[in-house]
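Presented below, as structure tokens, is a lone chain in the form predicted on its own.
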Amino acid sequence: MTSVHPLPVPGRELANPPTDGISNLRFSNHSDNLLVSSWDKSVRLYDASANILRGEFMHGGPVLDCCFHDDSSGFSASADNKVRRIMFSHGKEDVLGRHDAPVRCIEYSYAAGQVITGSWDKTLKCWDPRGASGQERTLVGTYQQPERVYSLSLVGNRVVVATAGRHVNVYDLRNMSQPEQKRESSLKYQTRCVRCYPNGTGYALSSVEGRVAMEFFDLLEASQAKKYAFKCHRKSEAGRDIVYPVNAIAFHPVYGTFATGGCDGFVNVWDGNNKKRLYQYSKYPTSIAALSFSRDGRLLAVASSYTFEEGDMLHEPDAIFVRSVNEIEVKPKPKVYPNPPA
């Protein structure tokens, strides 16, 4: 007798999703509000628990990244080269300033009270949003990068900048005159995403070639001996390895484990310390473009959104799924030591 299994539920799908590729999504540090940027030129604010679209801003070009400032305001990075502050409670936006090419990444540093942006114009810029009425007053500094900026991540006063050409620069926000460290990615192919460990000791970096590298800031030999890389988001078909880009990395705020999302439509959860995969969620309709855990780690937002890795073709509609996270999926399993002989 065969038992009929219901199809696994990928999570609750949010109503009113963007109408083109989703570039990023982020949960607030204060609530289950979710900020979403898209190639449809929009930045949207959702209440993910209530499944309500709370507000929307339209920009002059595709929006490549977004981040929160407080629960009802944030910042956006657009392909129209502009950096904006957006306030949903007032329905108001300010232009903080601009780059000379599309702005790819944006972060807000609570430690420094600054917005950090990375652009395809090969610069990193820091902005003080309190002077939002004029660009001269908001721009704190411009820092030349070796190549176009692809991904940015912050932890405490540290900023990690990943660029084209596999460069990685590590800065201290308190002294931006030059990088604290200039590194090269330990992966052979183009960097897709960099995310700092919540405990501040290093960062995870993913590439287009189905791999993730686990790196440490401390340059002492003992710390560098802990670094490693692993293969993921791949499958074997007829004796051939099919390898997918790893677009997204998100750390769990409680356990420090992390999820990765790839162009294979899968989300995997990893225990980096024990070098183990903890969980694989059932396949999503298309590529995973972005991931974010809520502040307490109870929810995971998943952007199922084709990233054009195979060119322009018919694809599943762009969608945001919000799933409840089970502890078993994200909590590291205790190491089991063999019993000593009696």
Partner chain sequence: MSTPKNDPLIQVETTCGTLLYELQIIWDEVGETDADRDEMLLELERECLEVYRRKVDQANHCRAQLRRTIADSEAELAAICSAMGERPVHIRQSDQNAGSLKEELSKILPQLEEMKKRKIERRNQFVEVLEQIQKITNEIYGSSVSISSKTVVDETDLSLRKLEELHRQLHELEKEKSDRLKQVQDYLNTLNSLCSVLGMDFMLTVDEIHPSLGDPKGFTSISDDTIEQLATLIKKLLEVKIQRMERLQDLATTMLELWNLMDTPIGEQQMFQNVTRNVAASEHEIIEPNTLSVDFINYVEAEVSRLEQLKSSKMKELVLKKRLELEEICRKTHLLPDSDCAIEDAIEAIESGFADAATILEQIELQIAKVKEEALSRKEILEKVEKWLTACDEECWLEEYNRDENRYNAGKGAHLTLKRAEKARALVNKLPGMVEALASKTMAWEKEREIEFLYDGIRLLSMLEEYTILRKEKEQERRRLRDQKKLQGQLIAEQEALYGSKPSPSKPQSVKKGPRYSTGGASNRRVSLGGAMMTTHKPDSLHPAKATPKTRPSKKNERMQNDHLNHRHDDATVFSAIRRGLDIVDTPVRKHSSTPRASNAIEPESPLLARKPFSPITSAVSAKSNTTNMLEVEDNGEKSHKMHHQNNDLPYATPLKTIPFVDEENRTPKVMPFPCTPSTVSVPMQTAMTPAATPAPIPFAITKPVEEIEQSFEERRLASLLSKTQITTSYALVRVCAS
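Positions refer to the first chain, counted from 1. Predicted model only: the values in this text are computed from it and were never measured.
Below, we turn to the form predicted together with its partner chain, even though it does not appear here.
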Contact check for Arg211, Arg234 and Asn247 against its partner chain in the predicted bound form, heavy atom at 4.5 Å: yes
Name the residue from Gly165, Gly200, Gly113, Gly141 that puts a heavy atom within 4.5 Å of its partner chain in the predicted bound form. Gly165
Select from the listed residues Arg174, Lys188, His90, Arg130 the one whose heavy atoms reach within 4.5 Å of its partner chain in the predicted bound form. Lys188
Looking at 157 to 165, 249 to 257, 91 to 99, 105 to 113, which lies within 4.5 angstroms of its partner chain in the predicted bound form, counting heavy atoms? 157 to 165
In the predicted bound form, is there a heavy atom of its partner chain that lies within 4.5 Å of any heavy atom of Thr307, even though the partner is absent here? yes
Examine Tyr279 and determine whether its closest non-hydrogen atom to its partner chain in the predicted bound form is within 4.5 angstroms. no
In the predicted bound form, Val243 touching its partner chain (heavy atom, 4.5 Å): yes
Its partner chain contact in the predicted bound form: Gly21, any heavy atom under 4.5 Å: yes
Those residues of 52 to 81 which, in the predicted bound form, come within 4.5 Å of its partner chain by heavy atom: Pro62, Ala79
